[in-house]
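Next comes just one chain, in C-alpha cells: the form predicted on its own.
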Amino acid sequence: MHKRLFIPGPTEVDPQVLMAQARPMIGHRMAEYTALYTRVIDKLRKYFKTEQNITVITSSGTLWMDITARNLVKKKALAVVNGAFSKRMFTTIRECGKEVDILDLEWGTASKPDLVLKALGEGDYDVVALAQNETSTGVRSPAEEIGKAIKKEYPEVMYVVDAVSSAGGDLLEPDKMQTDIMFTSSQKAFALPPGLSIGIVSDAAIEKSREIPGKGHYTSLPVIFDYYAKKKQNPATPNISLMYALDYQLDRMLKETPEGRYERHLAMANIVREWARKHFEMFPEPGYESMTVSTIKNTLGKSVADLNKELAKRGIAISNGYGDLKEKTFRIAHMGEWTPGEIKEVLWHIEDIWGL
C-alpha cells in the first residue's frame, strides 16, 4: 500500500508531475535544453517576484550550505541556530574550514532582529545565516524583518536564508527580505521528487565570491552564473527529467499564485494548530509557528512510533520528532499539494487510533 506522505519531505507528488519526467531525453548542451532552462528561470523569477540571479542545481538543498561557506565567508560567519537544520549550517561552515560563531537559541524559539543585531555588534562578521523555517522544531523566524534590520545597520554583511522547507508554501520574496542567498529544494513545498535545489543570489554575493579562493567548481557562484550569462545553461550536467517536472509544476504554482498557495498552507496550518492545542501543545513559541510543518508536544506520552505503524496500515505517514525530540514531539507536514480536507482526514485517523 502506498503511504501518503504527511512528512516534512519528500512530500506527495501529483501523478501528472511525475509523468512530466517521462518526456524524451535531450542533450544538456542542445537548444532544446536552453529553452527549457530559460522557461524555468523565468517562471521562478515571476513566482518569487525577484530581480536577483536564479539557478537550479542538481543537488539537495544542503549543497547551498557549502556554497555559503566557500563563496561568502571571508572573515567570519554568524550562524543562528535554533534547531537541527540551522545547526547543520553552522557545522558545514566550520567543516569548510571557515571561521564561524554560533548564536545558539533554545529549540522552539525563533531568531529575531534584536538578537541578531546584538550578536553582530559583538564580532567582526561578514555573513549571517539562518533557517527561516526550522523543520525539526516547526519554528518560523521573521526573516524579512531580520533582513531589513541587518541591511540597515550592516549593509556589507551577506544575508543567507535557508528556505528549504518553506519556499513555495510560505510567502517569501527575496527582494523584500534583502537576502544575498535564499535557497530551497524540490521535494518540500514545491511537491516534486528530490534532486533539485534552487538558489536566488544577489549580484553582491556573486561579486564577493570572486574575491574568495577555494570555491571548487560545482559550488562556485561565478562558475554557475557566468556560464548561465553566456550559454543560458548549467555548467555541469543537470537532471533534465526533473527539470521537465519543475517546468510543469511551476505552471501549476503560478496558476494558483504565490498568495493562493500561502493562503492554502495557512489554512492547513491553522487546522493543525487548533487541533494540537485541543489535545496536546504546540512546540514552537506562540506566534512563530511554521506554515508548512507543525511540531507538536507529545504531552500524553503516547508512542509515536506505534502510531505511525497504525497509520501505515491506513496509507498515511507522519513524522516522529527529530533527533533529541524523538517521541517527545511528533510532526505533521502540511506542505505541497495537500488541502485542508485531507489534513482533517489525517487528524481524524490520529484521534481514532489514539482514542482522543
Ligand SMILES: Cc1ncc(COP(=O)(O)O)c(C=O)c1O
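What you see is a predicted model; the values in this text were computed from it and never measured. Start at 1 and count along the sequence shown; that's the residue number.
Beyond what is shown, the protein has a form predicted together with the ligand; the following relates to that form.
For the three residues F85, S165 and K188, a heavy atom within 4.5 Å of the ligand turns up in the predicted complex in every case. At a distance threshold of 4.5 angstroms between non-hydrogen atoms, S60 is in contact with the ligand in the predicted complex. For the chain shown alone, M65 is a contact residue for the ligand in the predicted complex, at least one non-hydrogen atom being within 4.5 angstroms. Looking at T135, you'd find a heavy atom of it within 4.5 angstroms of the ligand in the predicted complex. Residues within 4.5 angstroms of the ligand in the predicted complex, judged by any non-hydrogen atom, belong to 180 to 188 and to none of the other stretches in 274 to 282, 220 to 228, 180 to 188, 142 to 150.
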